[in-house]
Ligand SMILES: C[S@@+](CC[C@H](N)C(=O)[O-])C[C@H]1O[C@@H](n2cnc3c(N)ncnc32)[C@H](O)[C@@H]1O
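In the form predicted alone, a lone chain appears below as structure tokens.
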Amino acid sequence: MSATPTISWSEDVSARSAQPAQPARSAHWHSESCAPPPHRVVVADDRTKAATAYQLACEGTALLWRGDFHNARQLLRAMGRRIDRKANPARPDATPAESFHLHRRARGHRARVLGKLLVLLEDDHSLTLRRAPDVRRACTEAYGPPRGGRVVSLTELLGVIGAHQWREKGVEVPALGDGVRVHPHYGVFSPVRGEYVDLVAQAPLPANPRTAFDLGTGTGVLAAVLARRGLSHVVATDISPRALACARENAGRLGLAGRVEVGGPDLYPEGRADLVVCNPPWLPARPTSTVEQGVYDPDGTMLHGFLHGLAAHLNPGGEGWLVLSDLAEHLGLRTREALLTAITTAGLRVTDRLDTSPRHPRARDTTDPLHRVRAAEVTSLWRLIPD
């Protein structure tokens, strides 16, 4: 029996009818957020009303779209507006932690409802809908070579398309030079927040550094910055195969393949280095998708792994750089005392700390339920050495 889940539907069971007259069809189900396959699927098209689609989706029924691609996107937006109108307003007396959890819960509900609008990718990853874009290359980049038809949510497919566009365009990284870009892959956290990259580019290096480890490298941007700063050998690690492929590609694009070695899935590579850099996910909470793994670190597992392994992986005179936002502290998810205790318990001490304020648009968005904490956020580079 195949381990890949499948879903079934009948082409003549629509949002307006309930009795199938044709044999059921089936296809593999795929969800990057690990959403379970829907139990009931009906066909929807250009005649499907937003109110009907929204009601069915809230009840758990999925809608397989068979109409015009652009109309599907309009339906998705109309369903989103209905969700937003029914959302509970933020409580003015809520603590930051309560606001954060309510915000995540609302986002989760929104994702579940909108995720019920589905599309069928054919055996070659093509999308056979009217006015549909050619998504074959984007899907191959995200999912790998075609292995039969699969059904995915439209929201996921739009994310795949957007990731392909970012991969083609790239993200400019001034710390690497004027006009130099890093190209993120699907499912790999993009370095759109340049302030943490600038910290690594500007922090004073330890004396005569030659080797460095970049733990949780993602796109490889920090490994590239370290190599450009003169480190002769940088080992970049990550647990994600997508990140490893992305980091290798970016190192090659930048002409740094001879100085940046990419490997995993262990957090630390073998041996020791003069400098160990780690930019772990900043919030100690559970991710709900592969993309969120760059933001959420359950129980601070990666943070503590870095701290407790650092002393054993440093050369004499070496140091570790912890790049971390204090957003979790403002949200009540972690205290500064807990962070300092974790550093001390790991046998480390802080020799310096460099701070910077966020420059991203969300820090200035007063409509964001978490605006107050985002505006107060500080990102720091903690310079650590064995005590």
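The numbering used is simple: start at 1 and walk along the sequence shown. Please read these numbers as outputs of a predicted model, since none were measured by experiment.
Keep in mind that the form predicted in complex with the ligand is missing from the display, and what follows is about it.
Put simply, C139 is far from the ligand in the predicted complex: not one heavy atom of it is within 4.5 Å. At a distance threshold of 4.5 angstroms between non-hydrogen atoms, N279 is in contact with the ligand in the predicted complex. Residue contact check for G218: one or more of its heavy atoms lie within 4.5 Å of the ligand in the predicted complex. Shown alone here, V113 lies farther than 4.5 Å from the ligand in the predicted complex, counting heavy atoms only. Among the residues L267, V235, A273, L254, the one placing a heavy atom within 4.5 Å of the ligand in the predicted complex is L267. Between the options A78, V180, I239, A106, the residue in contact with the ligand in the predicted complex by a heavy atom within 4.5 angstroms is I239. Here the chain stands alone, but in the predicted complex its contact with the ligand, taken as any heavy atom within 4.5 Å, falls in 210 to 218 among 96 to 104, 210 to 218, 115 to 123, 312 to 320. Of all the residues from 171 to 203, those having a non-hydrogen atom no more than 4.5 Å from the ligand in the predicted complex are F189, P191, Y196.
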